[in-house]
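Only one chain is given next, in structure tokens, and it is the form predicted on its own.
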């Protein structure tokens, strides 16, 4: 564990198993320096327990940085559940997950991520007070993904302004990878802004729906990298920016909502040298956790959320500008700022 390449001095790593419900979960707490750890729960059918642990650790660290860059009084944590989100979900499983969250007594707040819905969280909330992203309750705000998508869209415009000299997307071509809750709304925003749109996803039904709505040209998942594009927006799973995909991409901007987009940290420098401007994922996709933070406060305010989102876009702009002026990759600029905010050495 301590020698794991993604351990990064995590404070807590908890493994939970509930045989009656079939729950197999990990809750990783990276840092509580700024406040209780907060981050969504992902349900995924992992290839191995090693893959599950790696995902939990990387996502948890990313939440520490994301919450710090969003200016929130929250630390970073993440939960992952091993299972098929289409076939393995039961209320009993999520109630067992709720008991696991409650066991940590407020050190970790959960919300939804890939594979979960507000209904799943509602079942978990029957067993814990530390769940956000709910549809019912005094401060409930529901699915935070529309706010995530709005931030991603605004971040695309901020990055385009520096790469192309204007935030105007009309006449630009955007390739969107993944049309789930976040990616579908990103498609809607960029289509409304006048961009030509390519889209891919393994979920063909969702892809066909968003294509009919936005006019997006459907391409096969592995072919998304080969399309003529100005902007690539990854909104599915992580590590899609790697040596193989990088050799095929013609985009000048990479800006999307997926977590851990870079397969390795050195990809940031490769992108910079190639003249590709990359919006660090945990900065551009912070809108959802801002929305969750407002709910955790107990007095949800969309005005507060919008104000925090404005500040987040300023922070993204600062990262991009420093990268361009100092000749540093954007991911390392963002890491340095995030580590300083949580009191860790750069």
Ligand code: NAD
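Just so we're clear, the structure is a prediction, and the values are computed from it rather than from any experiment. Residue numbers count along the first chain shown, from 1. Between two forms, the rigid core is defined as the largest C-alpha subset superposing within 1.5 Å.
Missing here is the form predicted in complex with this ligand; even so, the following discussion is about that form.
Stretch 143-151 is the contacting one of 143-151, 267-275, 189-197, 127-135, since its residues have non-hydrogen atoms within 4.5 Å of this ligand in the predicted complex.
At the 4.5 Å threshold, heavy atoms of residue 104 stay clear of this ligand in the predicted complex, well away from it. This ligand in the predicted complex is approached by residue 221, whose closest heavy atom lies within 4.5 angstroms of it. Interface membership of residue 155, defined by any non-hydrogen atom within 4.5 Å of this ligand in the predicted complex, is ruled out.
Residue 77 falls outside the set of residues with a heavy atom inside 4.5 Å of this ligand in the predicted complex.
For the candidate set 71, 180, 83, 118, a heavy atom within 4.5 Å of this ligand in the predicted complex is found for exactly one residue, namely 180. For the options 122, 237, 249, 263, the residue carrying a heavy atom within 4.5 angstroms of this ligand in the predicted complex is 237. Contacts of stretch 192-221 with this ligand in the predicted complex, defined by any heavy atom lying within 4.5 Å, are made by 200, 201, 202, 203, 221, listed in sequence order.
With the core held fixed, the Cα of residue 161 is displaced between the shown form and the other one by less than 2 Å.
In the core-superposed comparison between the shown form and the other one, the C-alpha atom of residue 201 has shifted by less than 2 angstroms. Residue 71 is not among the residues whose C-alpha shifts by 2 Å or more between the shown form and the other one once the rigid core is aligned; its shift stays under 2 Å.
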